[in-house]
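In what follows, one protein chain appears twice in different forms, each by itself as structure tokens: structure 1 and structure 2.
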Structure 1
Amino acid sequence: MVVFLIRRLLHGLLVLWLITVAVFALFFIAPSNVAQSLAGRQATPETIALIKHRLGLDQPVWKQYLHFVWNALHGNLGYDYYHQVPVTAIIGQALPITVSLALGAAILWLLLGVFNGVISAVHPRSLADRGLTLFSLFFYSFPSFLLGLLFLYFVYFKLTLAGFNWFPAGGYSPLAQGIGGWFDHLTLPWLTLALLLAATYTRLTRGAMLDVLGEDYIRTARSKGLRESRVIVRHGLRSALTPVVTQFGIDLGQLVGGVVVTETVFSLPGLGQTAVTAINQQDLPVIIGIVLFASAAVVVANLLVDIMYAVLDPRVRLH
């Protein structure tokens, strides 16, 4: 078990290291006129050279890379080009917003997906099954920005016009300033994300449940005279949830870097929106910092899923 864990950990670190190389190569080799735009329109070549020197951009790429890795290993991801704020501080500020968004949506989509999946599996090919499949595929087909804009139009604009001032148009209100404001600001983004992602879970739960419900021990449970609801939830759902939990871990990890659009549509200043702003300003340290952080989230999530799998299923440890 320990050997397995160490090997997985080393794999994860290797992947992260490869990502730093790739990201660094891509963005630092690409032509950049950051010094130019920092210096303003009437800058002399000397000013630009000075700025380049101060940002370390006049050094060879490999030196910049070593410098970056050395600092990163000491928990320093560099400073943003415009205000010299540490990138770690920028991430620290944006992270709670992204986490609030992701976790709230996750609870919603898990409930929605698993519930619909179980209903579909218990009555396969029924009207309910077909209806739920269509329902989840319908929302799954939505581009996130379109669903977000629809919510803004109907739930914010139309409701506010009708005198129901329930939801704000966007923005974020920290949890520290009261749970009500936090909740109101996040409800529509949560719904958007949850409806988009629930489809995957409906399908996973349905498939796994159908498999499990055909097993012998379910028949045994039924013939013992257990109530049907107990058979389905305690005996069926329990073992059907393994693939769901796996997918859940992977999705949560990917959400850290994957909620760009939802954050943009609802003007939530989380990691995604911060990254988009940084990309528009060619603020490389911030871009690299966030990309690296989001990749790390995926690697860690995959690692946790692997560990959990190994705990649940001893056969995994063998290879």
Structure 2
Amino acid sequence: MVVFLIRRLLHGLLVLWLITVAVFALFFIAPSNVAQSLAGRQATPETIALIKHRLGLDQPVWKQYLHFVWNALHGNLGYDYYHQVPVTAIIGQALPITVSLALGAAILWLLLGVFNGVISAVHPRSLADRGLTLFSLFFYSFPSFLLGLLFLYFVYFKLTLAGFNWFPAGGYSPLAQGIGGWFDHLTLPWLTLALLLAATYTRLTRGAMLDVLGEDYIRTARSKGLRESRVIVRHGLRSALTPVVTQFGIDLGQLVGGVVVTETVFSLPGLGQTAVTAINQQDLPVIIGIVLFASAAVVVANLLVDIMYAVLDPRVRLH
């Protein structure tokens, strides 16, 4: 178990190192004038000279890279000269919004997808199975921006015209200002992401459950007189969750890195919308910081998936 986790941790560190090399080469070696690119179009010569001195751009490339990695390891992702604040401050403002959106939607799509998948697998080719499959494919075919706009039109606009002010048009209300406003502002974005991604989990759970329920140990458990619910949940679902956990780790890591379309549609100033704004303004320090943070989020999510593998399936610990 320990050897398995150490091996996965070393793989994650290797991936992060390769990402830092790629980011450094893209933003610090490729541009002809790195300081000018980082400072922005309207930077003065004094500002450009200060950036060169701070980043050590007059030193050899290998020293610049070590300085870049050292700062990143100590939580220093650079300075945003466009807004005159550290990049970590900008990420710190946007991160709670994206985390709130990602975790709330993840709980919904995981519960909905796994429940639908189990029902479909336990009653294959039944009316419930065909209905849930149709439900999944219907939402799976929707682009996220279209489903979000439909929610805004029917659930917000039409209900508001009818006198039901249940949901706001967009924006974000911090949790510190009250759980009611926080919940109201995130309900429609949660539903948008959950309905889109639940379809994938329904199909994954259904396929894995159908394979597991045909195994010999399931027939043995039933022959011992165990309750059907116990056989399905304790023996069947646990073994079938491996592909679900894989997909969940990938999706959650990507969402924490930034949900660009959903945040833009619902005017949520999270990491996704912050990244879009930084790209439009050519605010390179913020882009670099978000890329590094998003990469670390994906690596950590995959490491957690490997830990879940070892918990769900003891055979994984031997590899």
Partner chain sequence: MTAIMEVVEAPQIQGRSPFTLAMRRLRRDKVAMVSLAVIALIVLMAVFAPVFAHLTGHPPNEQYRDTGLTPDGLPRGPDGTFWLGTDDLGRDVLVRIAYGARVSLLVGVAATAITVAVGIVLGLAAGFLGGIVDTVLARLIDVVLSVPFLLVAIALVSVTGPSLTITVLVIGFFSWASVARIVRGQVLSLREREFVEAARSLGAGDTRIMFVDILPNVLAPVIVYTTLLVPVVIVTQATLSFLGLGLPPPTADWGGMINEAQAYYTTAWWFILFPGLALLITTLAFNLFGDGVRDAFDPRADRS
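Rigid core (definition): largest C-alpha set, two forms, superposition within 1.5 Å. Quick note, the numbers are simply positions in structure 1, starting from 1. Predicted model only: the values in this text are computed from it and were never measured.
Looking at both structures, it is structure 2 that matches the form predicted alone. Relative to the superposed core, Tyr81 undergoes a C-alpha shift of no less than 2 Å between structures 1 and 2. Aligning the rigid core leaves the CA of Ala49 displaced by 10.8 Å between structures 1 and 2. With both forms fitted on their core, the C-alpha atom of Gly12 sits 3.8 Å from where it sits in the other form; this compares the forms between structures 1 and 2. The two forms line up on their rigid core, and Val21 then has its Cα shifted by 5.3 Å between structures 1 and 2.
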